[in-house]
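Read the single chain below, which is given as structure tokens and is the form predicted on its own.
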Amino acid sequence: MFLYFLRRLLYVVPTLIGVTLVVFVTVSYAPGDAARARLGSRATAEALQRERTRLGLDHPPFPVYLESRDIAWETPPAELVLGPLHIVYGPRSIAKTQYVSYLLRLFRGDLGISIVRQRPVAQEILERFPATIELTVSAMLIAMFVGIALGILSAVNKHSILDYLSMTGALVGVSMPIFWLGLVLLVLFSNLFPGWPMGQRVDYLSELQPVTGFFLIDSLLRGSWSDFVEVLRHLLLPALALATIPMAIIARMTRSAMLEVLTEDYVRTAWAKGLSRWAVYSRHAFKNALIPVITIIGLQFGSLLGGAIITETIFSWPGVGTWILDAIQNRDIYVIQGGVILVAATFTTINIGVDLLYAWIDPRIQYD
């Protein structure tokens, strides 16, 4: 098990490097100019050139290697520009390319400096990631408890009114886009509960002092139940909007897994032993149906980090999602890279954790 865990951790490194390469290619050749986004549309050409030099954007994004026999010059130039293609020759020039310079800093643990805000990307991640984690974990808890409960009830009461209603609701939940559901919840709650908070993590006049960055935990550490309730009120709407799609998917997967397990011989044997309904459904059926359910939960938790971008934008949630969206609009490449690396690292970590849970739930699963 431990060797398997180490091997999976080693696979994370090339995965993250591949992610950085894809994002760097996308951002580098996308329309827009980071220097102009920072200085404004009225900046002069000289000012823009100085800013590009200061930010290191005057170097080519990627190295293109040439063999020495392909060079027609006795003394080849260190860098050539042939239309849109940048060609570099020699180790010093290769090290000056934007992507290689970024990788060298990344291996030292340096995520770079935000082009627009001029702050370390790692510092901004530490400030904003707790907000996103608090939102996604809350949404996943709602999706898990409600989705698993609906799936079990639907499987146990197959072809009943409850089964049809819950699966119809799950189908509607999967079909509703997050941005539409978020706007509907805002309109609905603003009319039914005029005092309900429509955005942000806390009120502007709140005296809650962040300690861990997780406001629910911080309010409990202070012993302030009023702050805890206020944070929950702010959290409810975005968590509901974000939880709807994974809730529906988990409910359908739980129902399918339970229906398959309920036809197995060991379940019929449990009924023949005279065990109670609770013992049969919980100890024998649900536990053996957990493997596919846990798989879908892990995948949905990773997808929540992507869906959080839309949800955080609608509800003005100051998390990683709005941070990445602002960076895309301003072409802040280091912030985009840092945010995507964070999401990719979180997703791969969740997948490793899900694989390890398989062996804990089902002792028959062994990792060599």
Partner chain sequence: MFEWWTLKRSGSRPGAARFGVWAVAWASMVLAIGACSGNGSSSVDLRRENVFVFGRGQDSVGLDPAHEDDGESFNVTGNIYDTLVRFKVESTEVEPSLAESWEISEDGKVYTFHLLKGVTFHDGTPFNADAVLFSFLRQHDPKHEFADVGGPYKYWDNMGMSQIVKAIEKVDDLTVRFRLVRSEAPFLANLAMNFASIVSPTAVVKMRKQFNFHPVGTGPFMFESWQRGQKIVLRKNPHYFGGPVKLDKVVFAAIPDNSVRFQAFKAGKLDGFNFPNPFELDAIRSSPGVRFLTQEGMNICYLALNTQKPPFDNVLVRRAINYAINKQAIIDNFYQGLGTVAKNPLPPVVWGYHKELVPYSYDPAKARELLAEAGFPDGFETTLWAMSNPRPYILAPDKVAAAVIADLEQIGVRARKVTYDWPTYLEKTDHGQHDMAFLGWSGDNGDPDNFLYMLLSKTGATIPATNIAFYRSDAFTDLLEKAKVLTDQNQRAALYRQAQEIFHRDAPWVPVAHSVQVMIVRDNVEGFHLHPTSRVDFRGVSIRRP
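In this text, rigid core is short for the largest set of C-alphas that superpose within 1.5 Å between two forms. Predicted model only: the values in this text are computed from it and were never measured. Positions refer to the first chain, counted from 1.
Unshown form predicted in complex with its partner chain; subsequent notes refer to it.
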Contact check for 40, 195 and 229 against its partner chain in the predicted complex, heavy atom at 4.5 Å: yes
By the heavy atom within 4.5 Å rule, which residue out of 129, 214, 286, 102 makes contact with its partner chain in the predicted complex? 286
Given that its partner chain is left out here, which of 106, 176, 122, 290 has a heavy atom within 4.5 Å of it in the predicted complex? 290
Go through 113-121, 164-172, 265-273, 248-256 and give me the stretch that gets within 4.5 Å of its partner chain in the predicted complex, heavy atoms only. 113-121
If we define contact as a non-hydrogen atom of the residue within 4.5 angstroms of the partner, is residue 48 a contact of its partner chain in the predicted complex? yes
Applying a 4.5 Å heavy atom distance criterion, does residue 314 contact its partner chain in the predicted complex? yes
Determine whether any heavy atom of residue 207 comes within 4.5 Å of a heavy atom of its partner chain in the predicted complex, and answer yes or no. yes
Even though its partner chain is not shown here, does residue 260 get within 4.5 Å of it in the predicted complex, heavy atoms only? no
Under a superposition restricted to the rigid core, does residue 158 display a Cα displacement of 2 angstroms or more between the shown form and the other one? no
